[in-house]
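Single chain ahead, written as structure tokens, the form predicted alone.
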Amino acid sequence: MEFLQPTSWTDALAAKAASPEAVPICGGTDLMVELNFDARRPAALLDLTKVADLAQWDIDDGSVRLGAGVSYARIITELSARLPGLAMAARTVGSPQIRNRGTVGGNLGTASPAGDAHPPLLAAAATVEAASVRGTRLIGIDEFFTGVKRNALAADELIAAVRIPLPVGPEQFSKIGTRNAMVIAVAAFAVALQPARKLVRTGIGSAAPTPRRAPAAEQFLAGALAEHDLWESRAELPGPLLDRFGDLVTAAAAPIDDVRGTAAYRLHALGVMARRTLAWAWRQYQSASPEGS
């Protein structure tokens, strides 16, 4: 196995162009498991840990540009106030050691249906910044996941960053697993409310071949909140509205039976999580000042 270790972003892109089969590694929290169990044996590894640009984040044009090498631990400590939904998900990732090594860029590259970062990125309408020696292009998160552990990157492309709009309303995330720590999600769900725009976005994880949104649930909820003047009044959400939202989220999923849970259990759990996360987000909206919502 060839080992490539560029020290600049330019060199990293050149190495990927010269060896498209090279598998990027930064945190290695997924890839090293596959290597250790001999489930994968790539021809080359492209180590990105010495590319300093990937470990930076900044705010640009109303979005956080999160470098692909920024760890979950740093998202928690440095970006909780700016990216609350993603920070909630980051807190559920593995152990402290995994959070210190794992990255959102790696989560996107692996494109696992169970990736913890994916539901909040879907709910936040994130954009993936892909780069190669040919240039840079932006891939909307809705188009990024193309199949089970497959994404829209070309063979010579690397993830430079993910651009996440700063929230304009409450964000919430929920995940269920066999225990509280160091667990792969049996199912996960994220919701983001945008009161000024009267919009709702969602993200479903570990309950379909790819991470996905629940468009019918989003449209129903946004319409019902407007129809009943709830965006303005901030009154309590009716029980039937919560139930219908949960049902529509469940209908958007397509889970399977596996060693972590049955499809039936995932559907049940997803409906419960959808209702709960919406209730949490709405409570947050009710307690916020009108100017801060």
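Residue indices: 1-based, along the sequence shown. Quick caveat: nothing in here was measured; it's all calculated off a predicted structure.
From this point on, the text means the form predicted in complex with a small molecule, which you will not see here.
Exercise: Arg260 in contact with the small molecule in the predicted complex, heavy atom 4.5 Å: Judged by the heavy-atom cut-off of 4.5 Å, Arg260 is well away from the small molecule in the predicted complex.
4.5 angstroms heavy atom contact with the small molecule in the predicted complex for Leu66: The answer is no: Leu66 has no heavy atom within 4.5 Å of the small molecule.
Contact between Thr103 and the small molecule in the predicted complex at 4.5 Å, heavy atoms? Yes, Thr103 sits close enough to the small molecule in the predicted complex that at least one of its heavy atoms falls within 4.5 Å.
Contact between Met88 and the small molecule in the predicted complex at 4.5 Å, heavy atoms? Residue-level check for Met88: no, no contact with the small molecule.
Let me know the one among Asn107, Ser206, Ser174, Thr202 whose heavy atoms come within 4.5 Å of the small molecule in the predicted complex, would you? The residue from Asn107, Ser206, Ser174, Thr202 that makes the contact is Asn107.
Can you work out which of Arg244, Lys50, His228, Arg40 has a heavy atom no more than 4.5 Å from the small molecule in the predicted complex? Here the answer is residue option Arg40.
Considering the small molecule in the predicted complex, find the one stretch among 151 to 159, 191 to 199, 73 to 81, 210 to 218 with heavy atoms no farther than 4.5 Å from it. Result for this chain: 151 to 159.
Does the small molecule come within 4.5 Å of a heavy atom in each of Gly169, Gly223 and Leu237 in the predicted complex? Not a single residue of the candidate spot has a heavy atom within 4.5 Å of the small molecule in the predicted complex.
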